Structure formats: C-alpha cells, structure tokens
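Shown here is one chain on its own, the form predicted alone, set out as structure tokens.
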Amino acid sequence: MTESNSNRETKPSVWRSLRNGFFFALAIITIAYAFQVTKVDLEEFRKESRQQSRVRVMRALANPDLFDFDRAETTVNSPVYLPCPGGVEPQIQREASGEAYVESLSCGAAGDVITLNGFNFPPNTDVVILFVPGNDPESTLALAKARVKSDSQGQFTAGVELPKDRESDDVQFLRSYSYKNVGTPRWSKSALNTWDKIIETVFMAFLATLLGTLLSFPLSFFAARNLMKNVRSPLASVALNLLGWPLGIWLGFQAGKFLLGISDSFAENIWMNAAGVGVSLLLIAFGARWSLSRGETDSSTMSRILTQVISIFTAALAIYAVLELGSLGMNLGLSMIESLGSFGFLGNFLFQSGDILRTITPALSALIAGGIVSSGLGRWGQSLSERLPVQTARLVNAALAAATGALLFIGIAQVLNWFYEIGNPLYIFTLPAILGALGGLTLAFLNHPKASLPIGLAVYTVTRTIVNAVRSVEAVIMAIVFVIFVGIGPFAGVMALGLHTIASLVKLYSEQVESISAGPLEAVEATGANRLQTIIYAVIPQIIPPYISYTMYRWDINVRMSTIIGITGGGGIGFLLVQNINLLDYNAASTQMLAIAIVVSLMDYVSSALREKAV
C-alpha cells in the first residue's frame, strides 16, 4: 500500500502538466502582445540612413566641446564659370592665398566634376571644398561640399560636382578651406555654460533637500502609526477642535494683515525697522516673564484673564517683530548687493529672505492662531465630556457634530466650487450643510457620549493619503505646474523638487519612526510625560542617524532628478542639454552629459562618505 502511494506521488500529474502548459502559453502570448504593442521592429534599425545617423551622433557624443583654440585659417577661392562661356575651353588656373595655392579648371558644364589640386596647405589637416554660387567669394551659401585631408607636404587632390541648377553668366567660386588650432587651449563657451548650469543644478538640489527636510521632519510624526494609534478624544473635543480651526485661521489672518499694514508704513525706513524689532523683542520678553510669574503666584479669574490678554498681545508683538525683521533684511540686503561686489549674493539672500518672511507671516499667524483656538476649544470639549451627564452629553455631542459636519462639507463644496465654478447655492451651501449635519448626527448617536474616537488614526490616514497622492506625481509634472506659477527658471525646479522631497521623506521618516524600539517609548510614557516630551526623549534619539542617512540620500537623488527637471523649463543643466539636443549640437550636448555623469558620481561618493561618518 505504501509503495503504491509512493509511485502515485512520483508519477507526473496530467492536470499539473496541463496547468503548467497553460501558464507557459499565457506567458508567450503576453510577451508576443507586448512586442506588438511596443512595435518591436529591427527593420528601421537596419536602414542605411539610421546607420549614418548613429555613426554621426555617436562620434559627436564622443567628442565633447570642452576647449577652444585660436585658429590659423587658409582659404583659397578659385573662380569658375558654369557653363563655360561660348567657345571657350576650360583652362587650368592657379589661385593663391599667402603661400597656399590651388590649381583647377576655369569652367565646366553642369554635373561635371572639377578637380582641385592644392599646395602648401597646413599639413595633415582637413580641407573642405565648397561650391559658392554668385559673384561674391565671401558668401556663406554653399551648394556642394567635399572633404579631404592634406598630406604631410600640405598637398591634396579633391573633386567637386558642379550643381545642375546653378548655371549663370556670372563668375562663381570653388572655395578650399582649412584651419589648424594654434596656441594654448581655453575653455569653450559650451564648457563655461555647462559649468554655470551644473553649479545651478547642485544648489537647486541642495535647496530643495533643505526645504523638504525642514517640512518633512514634523510631518513624519503624524504619518507614524505607532505614535498616532493611541491618540483618542471624545466627540465633543474633536468637534470643537475642528470648529476652532476656521475661526482661529480667520482671526490670525486678519491680525496678520492688520500688522502687515502697520509694518508697511515703515517698510523703507531701515532705522524704524531696527527700532521696531528691538522694542518688540523687549516687550515680548517683559510680557512672557510677567505671564509666567503671575501664573505661578496668582490663580484668580481676573489674573487668568489678564494673563491671556497679555499673552495675546505678546503673540501680536512677535508677529510684528517678524514683519519688521523681514523689512530690515530687505533694506539691508538691497544696500549690500552693489557694495559687496562679487559677494552681492549675500545681500540678495538677505533681501529674498526678508521678502519671504513678510510674505508668509500672515499665513503663519493664521495657522498658529488656528492651532491655539482649536486646542483651547478642544480642551474645553474634553472637560465638557467628562463633567456632563450622559444624556446631556449626548445632546451636546449631537449639536456639535451636526455643526462640524455641516461646516466640513460646506468647506469641501467651496473647494469644488472654486475648481469647477458650480455657482448654484443649492449645491455649494444647502445640500452640503444638510448632508454634513446628517452625517454628524449619525456619528453622535452611534457613538457612546463618553467614548473616545480614534482621532490619531484619522490624522494618520489623512496624512498618509496626501503624502502618497503627492508622491505618485512625478517631479517632472510638478515642474511643469510650477513653471506656470513662477515662470521658467531654477526657482520652479526647486519648488517641484522640494514638494516631491517632502512626500518621499515623510514616507521614509515615518516608516523609520514605526520601526523604533517600543521599550524607551513605554518607559517615558510611564513617567507621565506628555506627547511632545515622549517624542523628544524617546523617539528622536532613535531616529536621528537614519534621518541623516535618508536626507543625504535624497540630496543625491535630487541632483539626478534636477537634470530631468531642467528639460521642462525648471532650470539647471537639463535646460541647456535639451536646447543643444534640439539644435542637433551633439558635441555641446556631450559636454553636458559628461558634466552630469561626473557630478552624479562625485555626489554618490561624497554622500556615501558622509553617511558612513554620520551614521
């Protein structure tokens, strides 16, 4: 019995053979269809014209345009009649230029081949023979061309076929031209342009990596599941938190605009800018110290109200100080650009940094105010949920959830209305409000009034979704969009690379956070530390080395990507490369390709060495 089972197991199964045959046939059919779709065809490859183009392009790419020389040129213009004047026989004539001279026939019929014999040309150099129509020997128009090489004695023999459609009674010319390089080599214009663009490329990548790293670091904690899964809040707290964001953003933005208007009054006075920064910093220090000391010694209601007022005033002074600092930087930078000469880029950096500060401050103040208001309302909602009876809490949750859902859906509708210009109030206000309120009420009645919602997982999911969506769009496409935003140039490339860097680094950083050891995290949480303290003392020490490694690797990637970004108009060496390819200047294109290969190789070695030392 056992032997029979063994034989049955070793015997090939018909079903297995059929199945394997089916999958093999399916693989062959798939590959065959791929050949059909991708139009694999070597006939074009074998064409003589393609072979000539391959040889020409490959030889050009093998000779990058790196150096220029002074040229010693030799040009001899031999007159020729096409056809010979009536009754005149062709005669051998000699035309000279310096020591060089050429012997050729004086006339010929259309289609005849005129032989030229040259003497005393530069030895072992290329000589180009051109048929120049018209009676101007310096004309650049040429209708026929031959190329020969002079021998060691400076002699050559070449033939040029006379055109069949250029008969004229006027004299025309056969030009013999050669040159040789003399003197010491110097960098060519193509090499100098390549140097400028490759430097631009490297610093595009550096700035994009810096921008991406600064924004990716805090976002990565929101995209880490192990940090966010335990973050829970009651419904009232979540609803008030969400309601607080638009209110806080509106208040903060209005405050930012108001302070910007005040700052604009002194924007061009450097002394007023400096005084504004100094006085604001003194008042900020006084207000912060007073608030802290009063909070420790007096806990009465009036004291708390006064402390809140002074804190708001201190925050407004901080915003004003940033605006004045931006104006100070712009004025100082403008005065330094010309006075610093070749180091004027330092002044430009101050000017642009100040401009950036003044531009983003209203938006930053809106975000900060939104966070403060939403946090305060969220804490109040937490307190309400803990203190209210169950039935009362259910009613409060229903009201807050309905209001939050309506506001959220109206906000989404407004975004869609901006894109698609719907315009109908029924679809952008009424229906979204009703649907949002119904959704909020449903959530409120399905959820226990005292239960906590997994708000952390919701934030994690939204963050991951946005990051994955952004990361799925290639940086080249982003560059095209940013070229429309800010125009052609490296700034568009920096913005595209920076956005793509943020999406990529958030994923890499967050995955590193998710793989940290849980022991230090639990130990710090056991001491009663809040979430920020837990991240500072338990998470960051474990992630710094890999974060450095990922950041350096991303800079390496951005250098390579920036060469492609330039093709879309995003600056860098890619912009120059595609121009030369479109102009069929493959010698210059080879120079850019050589520079890209060298820089990418150097960046790979440098980043590897830095990662080894840092990690």
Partner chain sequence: MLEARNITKVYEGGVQALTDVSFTVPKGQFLAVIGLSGSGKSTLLRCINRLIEPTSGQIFWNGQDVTAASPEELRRIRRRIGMVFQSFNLVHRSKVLTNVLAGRLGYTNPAWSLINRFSKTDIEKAHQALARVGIPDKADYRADELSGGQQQRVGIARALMQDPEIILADEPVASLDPVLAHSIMKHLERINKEDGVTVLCSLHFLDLVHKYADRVIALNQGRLVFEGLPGEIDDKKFKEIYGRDAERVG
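Computed from a predicted structure; not experimentally measured. Positions refer to the first chain, counted from 1.
One more form of this protein, predicted together with the partner chain, exists but is not displayed; see below.
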(request) Find the only residue in Gln91, Ser265, Thr527, Thr465 having a heavy atom within 4.5 Å of the partner chain in the model of the complex. (result) Thr527
(message) Looking at Gly134, Gly278, Gly261, Gly519 here, can you tell me which has any non-hydrogen atom within 4.5 angstroms of the partner chain in the model of the complex?
(response) Gly519
(message) Using a 4.5 angstroms cut-off on non-hydrogen atoms, would Glu386 count as touching the partner chain in the model of the complex?
(response) yes
(request) Tell me, yes or no, whether Asn226 is in contact with the partner chain in the model of the complex, where a contact means a heavy atom of each within 4.5 Å. (result) no
(request) Check whether Gln391 has any heavy atom within 4.5 Å of a heavy atom of the partner chain in the model of the complex, and answer yes or no. (result) no
(message) Against the partner chain in the model of the complex, would Pro541 count as a contact residue? Criterion: heavy atoms within 4.5 Å.
(response) yes
(request) Using a 4.5 Å heavy atom cut-off, indicate which stretch of 422 to 430, 437 to 445, 533 to 541, 145 to 153 touches the partner chain in the model of the complex. (result) 533 to 541
